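The chain below stands alone and is given as structure tokens, in the form predicted alone.
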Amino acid sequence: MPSDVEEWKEELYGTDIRAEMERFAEEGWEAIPDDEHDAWFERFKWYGLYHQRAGQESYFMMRIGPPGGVLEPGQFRRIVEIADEYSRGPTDNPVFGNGWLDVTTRQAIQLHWIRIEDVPDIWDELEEVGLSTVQACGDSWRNIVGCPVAGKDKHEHVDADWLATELHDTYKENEAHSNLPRKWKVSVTGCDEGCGQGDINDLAFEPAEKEVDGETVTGYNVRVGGGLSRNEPRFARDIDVFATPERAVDVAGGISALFRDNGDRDNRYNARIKFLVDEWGPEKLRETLQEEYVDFELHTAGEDLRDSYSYNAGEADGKHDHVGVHEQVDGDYYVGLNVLVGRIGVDEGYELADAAEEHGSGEVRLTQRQNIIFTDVPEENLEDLRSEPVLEHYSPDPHPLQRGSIACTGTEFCSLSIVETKNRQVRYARWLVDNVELPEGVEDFHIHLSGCTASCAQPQIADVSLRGMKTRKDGEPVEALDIGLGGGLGEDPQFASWVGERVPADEVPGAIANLLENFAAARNDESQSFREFVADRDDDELAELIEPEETDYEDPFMHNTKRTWYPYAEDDDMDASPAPAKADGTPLPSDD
């Protein structure tokens, strides 16, 4: 039997949703029938709108996904302006204040506290500068990720930006591909470093070379079925297909259609293509693609370039992220700025937009490590850019323990999350910087905090993986974290080994400090990377190295185990929630 979601989509989905959303905006939140909330909120996702958690009724998260993370001149500023006007809540966050934008691990931007009444005006303002929220969520083609400096990078084999844009233009609002069994995540990599992170995507294009008609062609090998969610991570599997840049769009469409027709629509937990690849195997998938979904002969895989992959790959040679100052192929520079846990305050957003426009071209690019990049900075402007006051906080040269910190949305807004994340990860990073010395030779160290098993913070591919749980401490319920070690990508990717369970949140910094100290003492020599060290040991040995411990670190959120409307509100009881509210923020009567 089709799931409830499939029945809702059968009734109304895709571009037809917009007219209904505009009607609700005109009539107000109250016009959405109470007994149809689940159905409408599921449909709203197609246009990039997620309803926030219980206690925050009438407020939404909005996602804006530019292909490859590229925000053209003026677009970043427009998003900041929208955040300033529309993305302010009824209370402050104690770390970030009120009014911000979040850079995500899929090169998108999320805004919170959005009201349905404001959505059409926001769409108008976005579309005026060439941006859209279409298919930023929902069961369709999500934002296409890839090399964030595509077209600029000196280490590029093929222009991933061209393909990402072609895929975006071809399959966004394409009725034949607008209603898939589940989300469809696509990655395009064109460089030495592997920064498209294709291994963890449903469909991945990765640089390769092959002789075609007597000529050596640089194009893409194709992998299918990667993903991290549901405690069942998979790396994308090689299906023995090489696509020229000209054919890549058609190959992508064929695989998307194959998934549309054969993915599981009865059980959403099994609806991702990774489970179809498990069932069929890469050989059958390729055979079906050839026989039923493309009208040209598929090339077998070419010679891949994975041996040079360094992005998030332990101590491999090459870039592990895009933070810092790097020369472009045209002689100008791009400057990558660290955005701790991806959150940018509105006031600082304006300063960043000013700096990008004054010292570069005004283009801002988003990375999968929740950071931003200014492109096209002439060499003579670098010193003045570095001296901008806003770069003291968003630094091109951050401490490794801040540079490697990623966090998902957490219980602040997400109904799936089990623990608070962003504020906690900021506090973790600051405590570790002040109290822990990294072992000799360790320049990159990634700590990812995800509030649940949905893995939005991509914890399985971090040096230290943190995943939200609950436990009891001193007889009281507290927030806790599972701890995993040794994940990463590169030529030979590996997922983290989960070796610590339900560690109280206030003991996690001590556990990381002890882990690093034990690693420094026990590794073979200073050339052994942390990832290599983990790979050489079994889970029992690794568990002994963690040693959770209380320190002077204080965690103000660890007792937030009850149901609250907002975890930082002074009066956080559900009964104190100002939601649902009218467009002007006035709470609606409780019987409404």
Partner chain sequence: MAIALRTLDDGAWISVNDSRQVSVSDVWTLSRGVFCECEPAYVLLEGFFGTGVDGSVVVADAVGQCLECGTRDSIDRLPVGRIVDGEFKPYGPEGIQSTVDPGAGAVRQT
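Superpose the two forms; the largest set of C-alphas matching within 1.5 Å is the rigid core. Numbering follows the first chain given and starts at 1. What you see is a predicted model; the values in this text were computed from it and never measured.
Missing here is the form predicted together with the partner chain; even so, the following discussion is about that form.
Proximity to the partner chain in the model of the complex holds for none of Arg78, Tyr86 and His393, with the criterion being a heavy atom within 4.5 Å.
Using a 4.5 angstroms limit between non-hydrogen atoms, Leu416 touches the partner chain in the model of the complex.
Among heavy atoms of Glu532, none comes within 4.5 Å of the partner chain in the model of the complex. Among residues of the shown chain, Val499 is not one whose heavy atoms approach the partner chain to within 4.5 Å in the model of the complex.
Among residues of the shown chain, Arg467 is one whose heavy atoms approach the partner chain to within 4.5 Å in the model of the complex. For the candidate set Thr170, Gln328, Asn514, Thr471, a heavy atom within 4.5 Å of the partner chain in the model of the complex is found for exactly one residue, namely Thr471.
Of the residues given (Arg260, Arg386, Arg230, His399), Arg230 alone sits with a heavy atom within 4.5 Å of the partner chain in the model of the complex.
The stretch from 52-60, 66-74, 523-531, 539-547 that comes within 4.5 Å of the partner chain in the model of the complex, counting heavy atoms only, is 52-60. Residue Tyr269 is the only one in 266-301 with at least one heavy atom within 4.5 Å of the partner chain in the model of the complex. After superposition on the rigid core, the Cα atom of Asn560 is displaced by 2 Å or more between this form and the one not shown.
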